[in-house]
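Next comes just one chain, in structure tokens: the form predicted alone.
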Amino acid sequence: MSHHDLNRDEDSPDRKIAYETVYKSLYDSIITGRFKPGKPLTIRGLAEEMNVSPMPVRESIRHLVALGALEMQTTRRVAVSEMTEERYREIVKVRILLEPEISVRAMAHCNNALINKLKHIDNEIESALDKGDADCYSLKNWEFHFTLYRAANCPIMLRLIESIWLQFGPFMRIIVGRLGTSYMVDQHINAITALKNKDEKALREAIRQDIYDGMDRIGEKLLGHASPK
């Protein structure tokens, strides 16, 4: 069987690995803002850049379009979704509804290993802030939140939150790039303290404040106002 035939076999391990690798690469690129909102991307161009066939790129893009991270412009071109006033307001509201809730659910599964892992990631965030490394900050900030959220064992809620993060991640990276990391506030230590103390109210407030800090910066710089409280 040729490699081409392997690619056409939907159950092929090679095909599955290719898809997972490409999807992870595109996902990280969106979260860290490597793809600028509105700038067209082509399936062929992405495939050549990653040195893969167009098929796993096409499949990954289809998934990311379904999540709202990318928009189809033509059959061969996609782009990171633009931020509109309506999209921004809905993202803020949904984040405030879901992320404090999933954090509290994670508290029930919290142990020393999780707290130590969150502390380690937060140290990496502090290091990125000190160095002015916007890419590292963006990726580690995502890692902190999703390490906490995954601990909740709420896969439906997690997928919804993942979709939301893919829609504002590129804009957060733009803001960090414009303002510099010295303007970013690290609210995570309050969340870690609340987890250790099993303090549900304090955890909700820490996550809520973290959301408003980030979304306010996006709103102020891109739309001219802070997020709706």
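Remember, predicted model here, so these are calculated numbers, not experimental data. All residue numbers are counted from 1 along the displayed sequence.
As for the form predicted in complex with a further copy of the same chain, it is not shown, yet the points below apply to it.
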TL;DR on 106 to 114, 150 to 158, 119 to 127, 135 to 143: the one with heavy atoms within 4.5 Å of a further copy of the same chain in the predicted bound form is 150 to 158
_If the criterion is a non-hydrogen atom within 4.5 angstroms, does every one of E49, A79 and L166 touch a further copy of the same chain in the predicted bound form?_
no
| query | Should G38 be counted as a contact of a further copy of the same chain in the predicted bound form, where contact means heavy atoms within 4.5 Å? | reply | no
Quiz item: Is there a heavy atom of I192 lying 4.5 Å or less from a heavy atom of a further copy of the same chain in the predicted bound form?
Solution: no
*asked:* Against a further copy of the same chain in the predicted bound form, would A202 count as a contact residue? Criterion: heavy atoms within 4.5 Å.
replied: no
Taking heavy atoms and a 4.5 Å cut-off, does K93 contact a further copy of the same chain in the predicted bound form?
yes
Residues in 28 to 64 that come within 4.5 Å of a further copy of the same chain in the predicted bound form by at least one heavy atom, in order, are M55, R58, E59, R62, H63
